[in-house]
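Look below for two forms of one protein chain, each set out as structure tokens: first structure 1, then structure 2.
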Structure 1
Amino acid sequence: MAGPLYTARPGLDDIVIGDSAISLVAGETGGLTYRGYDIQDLAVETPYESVVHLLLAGSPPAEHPPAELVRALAARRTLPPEAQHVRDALDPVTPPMDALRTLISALGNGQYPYPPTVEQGYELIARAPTLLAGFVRRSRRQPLVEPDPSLGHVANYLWMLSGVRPTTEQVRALEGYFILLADHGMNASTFALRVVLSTNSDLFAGATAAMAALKGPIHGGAPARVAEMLDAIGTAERAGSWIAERLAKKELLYGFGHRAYKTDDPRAVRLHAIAREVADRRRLELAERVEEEALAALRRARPNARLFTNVEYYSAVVLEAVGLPRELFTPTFALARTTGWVAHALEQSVANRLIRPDVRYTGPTGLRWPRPGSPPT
């Protein structure tokens, strides 16, 4: 008998898998809200910890986040011995994103049963920067920098990476980035996490799957490629000709177009504003000229497409400006997104149902395996 008829949607386009009260991606109008609050407002001098509280507890964001949450995160920055052992055993040449994925897995040591809890979420959010910074410094043969409980979440990350107190401008810029990247609806990494949690697996297993998905260059790996593209162009005067040559070869321009947005990506708009505050003037002028030339060329080539600058484009400029090397662009994205992952894990577990989609079978039917000694049919 033939199976039921299905309409196949590659990439699950326009398929709704459930309900969520965490974030709303308004692709047609260029909006993004966290639990009803506009991201453009949140990313202006709101402490990251306030956004953590908003996404995990649903509480309104505040200029001064709850002291108990700040203490809870600061108290959980120190690594358990088993995670330290894994960090020290990793080959120093391991790419940081691969190292972070492995180290997050090491946090799931069998002591965290399903369902996930807010306290487990605090451990993931707080320890991920310590894991990454420690691995990076060890790979550079530099002494480890211990977490500083007097510093906020983002400032402490920069401190553990460099051993130098970050400037107010660096912290403000990276905090804005963390807030803008904290969640984004049912993206690939969040979906991977929710699939894992739907099996009644633990938070750290889900986060490991999310890290694996985020590693892919068409999800979280594009900012480093944007920076490489800007390097290749070199000067604003070369932008037009370089882009034309690239498009003539049918090669990608990184940082343009988004699956969800049919107008300006609101995160890109805010990151552009942050870049104006902290980026090197010549680098910013180059990025702005390339953006102008690329959008014009793309719209000439595809006049019916709705292509705009996406979040990765000015992420590259901002992350450069705060002093992060390119190999840390995607891992830093992951650190920012841990809060959204925790929020989705908690939400998934409240009314859980195993996520088990189907596929439309397109292979042969009716074949018979030949009996011994009989000719094949």
Structure 2
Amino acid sequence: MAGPLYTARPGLDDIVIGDSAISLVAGETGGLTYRGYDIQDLAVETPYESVVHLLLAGSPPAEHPPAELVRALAARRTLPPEAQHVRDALDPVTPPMDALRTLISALGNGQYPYPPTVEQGYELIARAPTLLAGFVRRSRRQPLVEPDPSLGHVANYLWMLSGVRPTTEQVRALEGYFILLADHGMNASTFALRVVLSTNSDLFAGATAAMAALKGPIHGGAPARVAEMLDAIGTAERAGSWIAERLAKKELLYGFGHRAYKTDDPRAVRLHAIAREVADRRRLELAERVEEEALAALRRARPNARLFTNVEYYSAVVLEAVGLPRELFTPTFALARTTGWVAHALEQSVANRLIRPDVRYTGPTGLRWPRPGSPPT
């Protein structure tokens, strides 16, 4: 309470809010580790459930995938009738990201008290894909596809969405994506969740707030714009002129620059490798040419800015390659990130303290309120 105040820079990027032992974002060197393990190693042939174990328990499982955790998630996928009712009542034109926020909020119906537990976390991680896939199929007037307990977490998500068995290649690519997006330090959605948990509010309330933040295009809401940009450019040959025109009009290019990284975003590097395995050859060539031309043009325009391809760029290429429509890019990001949110909720609750910063008041003071009936001052 006592003691001097410190005025933060806008956006709080100079403020260390506390300790965390979950992920390390090494912005200068382009590294990202979960519990000390490099994501470049994690995101190769690892089941998502192994990374759920790593992030929540703090250590690798004894087997891959961890059989007990796989069963725990699979057993929780089916929705209780109350959640189905809300899903079916939602306006089908609701954007899926808003719908998933409302549905996660509705899961928090008083049954999951503070403090958060690993079991509560499993409920959130396991049910979020069922909520999203069910809402999407219902809004398309397609019959629902029940979760299949014989499928892993990521394969089952694709199955519930499409009603078609995903290929090994699709599952492997999306599993890599889920792992790469599972956590990322004190990003805005995770921070919103921590602010909520700091009041001793519950995990589902926290995840609802995180969903609210992840929606914003400055955070998670923009990967679809990369795909739209690639469509607008159309062919690799047009990349140079399209980008030059765009920049001349002072319009944005999507998929470049991230506050945390002063070099290649390690997730973009790995997602590019996954895209090479799974994407349509012409789409990949287009994406690679646009990336090359865009970085060159951006660096010519702002020689001192350290601009690199960010996570959204190859996310868009990978997500479309596994068959996801654009309106599901950000909600799919959210599904991957639920694991990180649970890890942060558990960590926040260990040494919790209300997060309540200060502001500098810059308005008028000492004014006299015109009482009702008296003429305004």
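Here, residue number means position along structure 1's sequence, counting from 1. Note that the rigid core is defined as the largest set of C-alphas that superpose within 1.5 Å between two forms. Quick caveat, the model's predicted, so the values are computed rather than measured.
Only structure 1 matches the form predicted alone. The rigid-core alignment places the CA of A62 2 Å or more apart between structures 1 and 2. On rigid-core superposition between structures 1 and 2, the C-alpha of T365 is found to move 3.4 angstrom.
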